[in-house]
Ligand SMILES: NC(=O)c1ccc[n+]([C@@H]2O[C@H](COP(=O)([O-])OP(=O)(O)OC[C@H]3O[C@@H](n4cnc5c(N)ncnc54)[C@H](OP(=O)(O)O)[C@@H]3O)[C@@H](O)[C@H]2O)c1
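Given next, in structure tokens, is a single chain: the form predicted on its own.
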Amino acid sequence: MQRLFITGGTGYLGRALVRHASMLGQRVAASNYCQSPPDDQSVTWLGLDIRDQDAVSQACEVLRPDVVIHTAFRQSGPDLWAVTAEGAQHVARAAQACGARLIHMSSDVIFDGERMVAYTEADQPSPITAYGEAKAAAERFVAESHSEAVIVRTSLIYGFNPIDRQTQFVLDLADGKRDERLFRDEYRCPIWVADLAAALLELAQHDYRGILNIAGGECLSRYEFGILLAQANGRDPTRITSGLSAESSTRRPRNCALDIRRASNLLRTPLRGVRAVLTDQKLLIA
């Protein structure tokens, strides 16, 4: 039985991974830092600051994991670089030292979004935001520190149980709690959190190494995505207004579509598009 160590176990993806791995009967350890872990006796929880290389190394020495899935990150704030970039390096070094397979979570926002076609695994990062720069640096640090690492580039992660931040933002717009716009010229490939968790756990059993795009099978604008989320949650989509990222004062990557053909051929887990997911969810509820 594999020993699995998930960093960021109380984050949105981390919780889904812990839940799915536990259901599969795997031996799961997970780290937490900002949030208290759930009361789950089947999981070994470890308070861990990934900014501390010695603490990360000690954690891996004690847990002796077969696989480390690194999901912990910071998206903004003064410790963005220390957590997202340097923290990834610490985890990679520790995983390499204890002989563990490493799956590192990266992002589609490592690109500038200026091309018209989907990005492949061969495309080099060209970040234009602080978060994108930290994620791009994390990829470099991981590749330098762990010779067998898998670097997974993914997109917007969404789910309804519990509701993710993106979906909650859309519902707040539809409910009149926020007065903002969703861009119709920003494109992503959103992925259902359960699909991503299943794909990562399958990948943990695989010998693939290097970069792999794992995202949803449908490219949508942020506005299109918001309309679908509002409708799926019983909200009036006409209350959501659209805008253009090109007209924003803040530079943002626009087309972050990921080419997932390699992952689709490699994995059994279906990487469903948003409409397919929402149709399946409706059938399950009915």
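Sequential numbering from 1, following the sequence displayed. What you see is a predicted model, and the numbers here were worked out from it, not measured in a lab.
Keep in mind that the form predicted together with the ligand is not shown, yet the notes after this line are about it.
- In the predicted complex, at least one heavy atom of D49 sits within 4.5 Å of a heavy atom of the ligand.
- The closest heavy atom approach of L156 to the ligand in the predicted complex falls within 4.5 Å.
- Within this chain, R165 lines the site of the ligand in the predicted complex, having a heavy atom no more than 4.5 Å away.
- For the chain shown alone, Y208 is not a contact residue for the ligand in the predicted complex, no non-hydrogen atom being within 4.5 angstroms.
- Distance criterion of 4.5 Å from any heavy atom to the ligand in the predicted complex singles out L13 from the list A21, A263, L13, V277.
- Distance criterion of 4.5 Å from any heavy atom to the ligand in the predicted complex singles out A72 from the list A215, A72, A95, I103.
- Only one of 30 to 38, 235 to 243, 249 to 257, 59 to 67 places residue heavy atoms within 4.5 angstroms of the ligand in the predicted complex, namely 30 to 38.
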